[in-house]
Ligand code: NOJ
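Shown below, as structure tokens, is a lone chain in the form predicted on its own; questions about how it binds or moves come after it.
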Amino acid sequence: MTDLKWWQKAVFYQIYPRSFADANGDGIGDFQGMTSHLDYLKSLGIDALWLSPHFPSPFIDCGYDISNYVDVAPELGTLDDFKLFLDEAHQRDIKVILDLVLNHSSDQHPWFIESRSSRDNPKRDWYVWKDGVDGNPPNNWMSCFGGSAWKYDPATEQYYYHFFLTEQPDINWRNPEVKQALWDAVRFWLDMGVDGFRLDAIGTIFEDPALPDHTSKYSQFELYKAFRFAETKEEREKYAPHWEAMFRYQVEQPGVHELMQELRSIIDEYDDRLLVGEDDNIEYYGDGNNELHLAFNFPLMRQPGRLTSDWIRANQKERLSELPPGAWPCNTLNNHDSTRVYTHFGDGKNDAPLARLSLALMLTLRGTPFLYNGEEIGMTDYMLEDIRQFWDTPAIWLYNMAVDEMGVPAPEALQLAAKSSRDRCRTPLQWRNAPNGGFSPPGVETWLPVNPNYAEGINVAEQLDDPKSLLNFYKEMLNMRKRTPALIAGDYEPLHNEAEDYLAFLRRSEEQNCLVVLNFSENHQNINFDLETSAINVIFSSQERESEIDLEKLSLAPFEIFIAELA
């Protein structure tokens, strides 16, 4: 295991800066708050942090509309606050990677302000500008956040392209000056000592320069509703091709892999840094050494409802078999854009044990696990009840589209918007059973409402004092993984492929062999494992167990997590 890189051994924890810890009492999380809780993260067993965007931003898309690539959002603190946070994290042997948004900037970025000032401005070609056709946009391309992907600018009588919001104009990566400016920004943070980047929306960096019309037969609203809210795998698969057809000329275009190789060459100038892609396309690993180090296994988290052993086995079989030689897997079950684990994979009855199984899965599968802040205490989605509380612009667009253009009653439209809104999983971290969940002082209006279930034991302070809490389970499992080499470095070998209620697999390394069995059922399981072993050492079980274990007659309790070393 000594030849593994730090990011192959690490457990990552994503921090959503505005929602982690508010140190100055303004209702918004900040770097002082993050710094003050580094000891908490260290005690939890976290090895590395991924920060969602911390850059200056008008916050039209919650920080993913960047107006300065080499500074810190003033509401989060100063550049010195960031440097202190980074230094304090490194003193605790915690790595830090940043979110890097390369596809677009904010329309408030000085580059775009110059670009739109006149057709002959030196920065005009830093963005994608095109003439209209017969008084209409250049083509029928859509923004993935709703409406046309083209915005008319009356001052210069051209349209600019935006795959996301109108306030997020796409950067023209075919311009060498743009590339140099952004590579300079990358080096700025690497020189400061950050340990790498998570790359946002890399698949949208280039678009087809011929600008052909898409041929989807559905309206965007119909597809958004059908595809995004699919209740079953079959329903999702039915509409997926139509969703892809709508954007086929705007994503995964030629040139992106060469660009990632260029970025990798910059990263490799520095000692032991990391690139993680917000994309499940295995092609972003390149040959295993020349593009990204990690690409998220998003298909794993797309299981509708409770996780099943069949789903996980199929995912691992496909994913691991397609990786190029030397590539390393990367698993997650949620993030700032997707519903929380407790809500998504729960069933309303067995949510607590299912949340523990979800963590066990992340820590025992082959690859680097990414966790999201608040999962360790079982935070749940919070469905906002007033459209005026929303920050998530696409959800607001969906609400307005439903009411104004589709005639959907406002209460039903609000439910649609709340269900789709990313606000539901971005609410402030719940630190104590106190007003505002201890995130901000009493009487302060937090930037998003705090989920009131902080008063029901879903907070850090109360769970720290409860040996049987989810938080202490996290600490126990994370520490167990650190001292179990096979779970970090071992190969993955599935067992009992026909089992419907439980998942069983081996993790084999040079140092150790481990058997992992996860019972996803509310029923007892009596299992016969025909494995050659002279001794069995139970490393972890979520149930009280006798010391003698017979693998030919292994009995698992409902939802049990069982991990044993085989000698």
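One-based numbering along the sequence shown. For clarity, every value in this text was computed on a predicted model and none was experimentally measured.
Absent from the display: the form predicted together with this ligand. The rest refers to it.
Contact with this ligand, judged by heavy atoms within 4.5 Å in the model of the complex, is confined among 514 to 522, 24 to 32, 38 to 46, 59 to 67 to 59 to 67. By the 4.5 Å heavy atom rule, the three marked residues T368, K482 and E510 all fail to count as contacting this ligand in the model of the complex. Proximity to this ligand in the model of the complex, taken as a non-hydrogen atom within 4.5 angstroms, holds for one residue of H336, R306, K179, H257, which is H336.
The partner is absent here; in the model of the complex, the one residue of Q168, S143, S440, T364 having a heavy atom within 4.5 Å of this ligand is Q168. The closest non-hydrogen atom of R422 lies within 4.5 Å of this ligand in the model of the complex. Residue contact with this ligand in the model of the complex: E462 places no heavy atom within 4.5 Å of it. None of the heavy atoms of H109 is located within 4.5 Å of this ligand in the model of the complex. Heavy atoms of K95 never reach within 4.5 Å of this ligand in the model of the complex, leaving it off the interface. Contacts of stretch 180 to 214 with this ligand in the model of the complex, defined by any heavy atom lying within 4.5 Å, are made by R198, D200, A201, listed in sequence order.
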